[in-house]
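Presented below, as structure tokens, is a lone chain in the form predicted alone.
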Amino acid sequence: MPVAPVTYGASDRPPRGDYARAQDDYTCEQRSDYTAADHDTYRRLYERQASLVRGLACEEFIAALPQLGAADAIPRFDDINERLFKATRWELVAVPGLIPEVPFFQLLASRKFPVTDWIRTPDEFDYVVEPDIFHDLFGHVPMLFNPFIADYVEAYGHGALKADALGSCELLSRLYWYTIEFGLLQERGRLRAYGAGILSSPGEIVHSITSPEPQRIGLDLLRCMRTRYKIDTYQQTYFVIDGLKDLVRLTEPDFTELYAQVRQLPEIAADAGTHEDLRFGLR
């Protein structure tokens, strides 16, 4: 039975990807019809981003980046999976585009990471509305070779399924957004990026670390789940952890009571600060 395309946020353009290829869990076979232009787009994106992340991305990302394989063509997921499964028992699965929350959570809970298998067109080189194969591979996959991130993302999948049953998906989505997508950490006294949305963006990797405009505050679960986020601009707030081990520690408790606490408190705008925030300066 065909699955329905998915959109998040406000957009006038139709969803990308051929959902007729997808199975009930939204996974599909990785495309095999990439053109020479597709491979060249990937090569140029990889070349540009790899030069930008030096000195701005965390050491764990830099060390794992070569695990993606050759940078001159779109890699096959099966090839990456041979290395990834040995490292952290994760595997990549192809999806035609954005997928609904519950199937997404179920895949994460099974240590399967969904990767969009289409790539942006040359005229979208600097900005693409939806995550494409480059965002998913370059931004997310190297960090899945790290055992702390690997365990955190699986725990997130299990926690998100529970949150869905409790009607609290939006609260947990904010935690994912501000950690796995747009997280910063302290490394040898300096700020570094570990979030995929930052690592795969030529503009945000510089903005998140060097710009004086956004606020950077210590990650507190209650504060994070109360904070709205932007989907169409650079982030105005980044949450900072001391190291990747913090993510595992933060997700160990049961969040049921935390959700109840959050619902009793007002939301916080994406650019708002509070007097309790532990702020990090540029270093």
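Computed from a prediction, not measured in an experiment: that's the story for all the values here. Position 1 is the first residue in the sequence shown; the rest follow in order.
What follows is about the form predicted in complex with a small molecule, which we do not show.
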Checklist entry - At 4.5 angstroms, heavy atoms only, are Val95, Thr116 and Tyr156 all close to the small molecule in the model of the complex? => result yes
Item to check | Contact assignment for the small molecule in the model of the complex, among Asp151, Glu101, Glu130, Glu204, heavy atom within 4.5 Å | outcome: Glu101
Checklist entry - Given that the small molecule is left out here, which of Asn81, Asn146, Gln186, Ser173 has a heavy atom within 4.5 Å of it in the model of the complex? => result Ser173
Checklist outcome for this item: Only one of 187-195, 121-129, 71-79, 101-109 sits within 4.5 Å of the small molecule in the model of the complex by heavy atom distance, namely 101-109
